[in-house]
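Quick heads-up: it's one chain on its own, the form predicted alone, in structure tokens.
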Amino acid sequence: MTRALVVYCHPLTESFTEATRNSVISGLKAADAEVRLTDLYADGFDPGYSALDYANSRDGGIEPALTGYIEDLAWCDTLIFVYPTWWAGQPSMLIGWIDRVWAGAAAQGDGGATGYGLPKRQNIKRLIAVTSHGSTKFINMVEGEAGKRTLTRCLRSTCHWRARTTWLALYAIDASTLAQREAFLRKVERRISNLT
């Protein structure tokens, strides 16, 4: 059975990103997956990487506030990020989660570590991003697709060596029609439901 951790990042309720998260959850339920949801804004997650975080990453310590997040990361075999793309990348809240939780997992020593001190998450065999962009795909390509690279290259390289990545993005959302947004939500649910 798939064990999916959904990391959701948006400050507003009733946003398109929330609707996207709901499509992800529906797709996972249709696939009979076990699901855990992390809502970073609802949790009041502190994205700031502090001197204590740095010291912990060096000496193997862990901040108690991160323990639950790290346990969820160790539990899952599928990691799904749902967020809006801002300034060509992930929101600062999500980058903070990557910095603090991913680094915290490395400090704990779960799954070993790469030569660069990043966690080697052997348990994660599927990495999925579901996002929206205000700009077109062409503009994102010109900008270098930094957000996509962060997930499909950087994080992917620290997961299981055979981990697969899936990138589901709605481009030019600011100019999209209701029909286009609804079609994207159906596509997300369908793709997620076919994970297993």
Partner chain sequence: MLVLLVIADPLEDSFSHLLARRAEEGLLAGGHEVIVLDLYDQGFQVAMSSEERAAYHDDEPICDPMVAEHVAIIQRAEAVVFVYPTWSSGLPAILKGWFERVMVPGVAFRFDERTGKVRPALGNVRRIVGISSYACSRRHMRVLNDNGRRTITRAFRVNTGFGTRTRWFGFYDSTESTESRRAEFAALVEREMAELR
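The model shown is predicted, which means the values in this text are computed figures rather than measured ones. Residue numbers count along the first chain shown, from 1.
In what follows, reference is made to the form predicted together with the partner chain, a form of this protein that is not presented.
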{"query": "Interface stretch in the predicted complex with the partner chain - options 66-74, 30-38, 163-171, 143-151, non-hydrogen atom within 4.5 Å", "finding": "143-151"}
{"query": "Touches the partner chain in the predicted complex: residue 79 (any heavy atom, 4.5 Å)", "finding": "no"}
{"query": "The partner chain contact in the predicted complex: residue 179, any heavy atom under 4.5 Å", "finding": "no"}
{"query": "Touches the partner chain in the predicted complex: residue 10 (any heavy atom, 4.5 Å)", "finding": "yes"}
{"query": "Exercise: residue 123 in contact with the partner chain in the predicted complex, heavy atom 4.5 Å", "finding": "no"}
{"query": "Contact set, 14-53 vs the partner chain in the predicted complex - heavy atom within 4.5 angstroms", "finding": "41, 47, 48, 49, 50, 51"}
